[in-house]
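The chain below stands alone and is given as structure tokens, in the form predicted on its own.
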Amino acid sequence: MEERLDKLAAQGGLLTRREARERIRAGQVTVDGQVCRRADARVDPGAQRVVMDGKRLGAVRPVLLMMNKPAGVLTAARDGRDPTFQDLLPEKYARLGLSAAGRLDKDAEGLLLLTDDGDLVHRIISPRWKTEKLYYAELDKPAGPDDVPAFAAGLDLGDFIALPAHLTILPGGKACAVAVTEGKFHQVKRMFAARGKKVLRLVRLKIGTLELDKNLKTGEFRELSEHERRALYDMTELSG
């Protein structure tokens, strides 16, 4: 599997991408015995011999983290005013430039999948791949039986028509589970607003095969297990 040379040289977080690019430009990396000074060169470490500092570089193993995002934290790398998910990570992970596979609103909570695998992020957030995201929503007024087929038909939100979603009304009516296959700005909130309800609390519970670990406290994170990793890559038809 091909990787960018600077990504391969920065594997494990021992170097930043910038430091890796400096080493490459300085001629400190060879590919099959030849110096390569192009940081964006594509190499296959499984088929080619890539060496830096006398050590052969192996295939990059993508980083995959699950975080239980608190309300009030932005799904962004950096922000001048509000805390972001990057602020909750130790330097070992913060320096890797991880991206979230699907944003959560500032006041929303729950599952964030953080990774440096851009292909995986794309397949999870693209409606084309129909990756289901499951949310728990608390409302200001009870949902009714008519809301279920309305969600299933696809709600007209003015600037776009939402794809069909599966709504489950929980006992009492003021709490629901809703599964969507797209994630446009404020989408779940806008879908309920179109039905005359206001979302008071929103928690993402699941992304595709990945479920939020109930043992993760708010603000905590952990690396995915081998089973969780394999299930995600199988779902997206990628190798990882």
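Each residue number is its position in the shown sequence, starting from 1. Worth saying up front: this structure is predicted, and the values here are computed from it rather than measured.
The discussion below concerns the form predicted together with ligand URA, not included here.
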Query raised in the report: Does the trio 104, 135 and 186 actually contact ligand URA in the predicted bound form, every residue with a heavy atom within 4.5 Å?
Result: yes
Query raised in the report: Between the options 143, 108, 98, 165, which residue brings a heavy atom to within 4.5 Å of ligand URA in the predicted bound form?
Result: 108
Query raised in the report: From the list 202, 67, 210, 29, which entry has a heavy atom within 4.5 Å of ligand URA in the predicted bound form?
Result: 202
Query raised in the report: Of 186 to 194, 211 to 219, 169 to 177, 40 to 48, which is the one stretch near ligand URA in the predicted bound form, taking non-hydrogen atoms within 4.5 angstroms as near?
Result: 186 to 194
